[in-house]
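One chain comes next, on its own, written out as structure tokens in the form predicted alone.
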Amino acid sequence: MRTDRSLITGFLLALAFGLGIALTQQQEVDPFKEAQRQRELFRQTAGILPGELYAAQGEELFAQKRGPRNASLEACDFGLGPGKLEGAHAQLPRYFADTRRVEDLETRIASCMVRLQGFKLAEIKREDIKALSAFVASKSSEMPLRVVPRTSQEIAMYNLGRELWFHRAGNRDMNCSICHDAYAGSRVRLSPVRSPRQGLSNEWPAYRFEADKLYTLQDRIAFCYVSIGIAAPEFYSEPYIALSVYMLAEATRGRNSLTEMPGFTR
């Protein structure tokens, strides 16, 4: 059955409005418990989670013949062979010989849309990337992370990610480490702060019920850039990939697994 994007949007907006009323009546709530409560309300009210709707839309896009070449994405290789998705997300980012670069999930989807379907990068809709990310990620739900830089390109990207993690910039002279390393294990505005090794990056893509939209890991990184007063880089560019390699490699060292994919968070 075809998933109508307008129906998804209307459903989410209506449901989020009803759930939001209860949320605004509370002053201080535990973010983890609140996310679990909202998740259960979605299940009870609609019988399905918003992330599952995005994944269903992504599944349709994955199999649909599109673009100038009228091709699907079923031949896209995410590292385990063309069309093999089980566990692929748990091993990304990684180096791909066909593009001669390290790619994370979103960048790999975009490059496959360019090479296989004939799209120009500027023509690719961000919402399509999000839906496709939700679908591909769903095939690695709750699997152990296995991001281990091995090639020279992966090691170089990890080192760049570590450099960006500790680089202070912007009017506020901030970096990622100031929040996520120095305050790891504590709370900021009621939200728990995690370091990369504690699994900071293992829940994305995820539906954020307070924003009523799906966030990918690149979206989350962009949000952090803006929050500390730094202009976010262009999507699919090296800073996102490098930071993803660093965070997910550290999460792998911490023996973390992906959460239920797509995730559900505040």
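Numbers for residues come from their place in the sequence shown, where the first is 1. What you are looking at is a predicted structure, and each value in this text was computed from that prediction instead of being measured.
Another form, the form predicted in complex with heme C (HEC), is not on view; read the next lines as being about it.
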| item | value |
| --- | --- |
| Close approach of Ala55 to heme C (HEC) in the predicted complex, 4.5 Å, heavy atom | no |
| Contact test in the predicted complex: Gln38 vs heme C (HEC), heavy atoms, 4.5 Å | no |
| is_contact(Ile221, heme C (HEC)) in the predicted complex, heavy atom dist at most 4.5 Å | yes |
| Contact test in the predicted complex: Leu243 vs heme C (HEC), heavy atoms, 4.5 Å | yes |
| Which of 90 to 98, 147 to 155, 69 to 77, 176 to 184 lines the interface with heme C (HEC) in the predicted complex (heavy atom within 4.5 Å) | 176 to 184 |
| Pro192, Trp204 and Ile228 all contacting heme C (HEC) in the predicted complex, non-hydrogen atom within 4.5 Å | yes |
| Residues of stretch 237 to 266 in contact with heme C (HEC) in the predicted complex (4.5 Å, non-hydrogen atom) | Leu243, Met247, Arg266 |
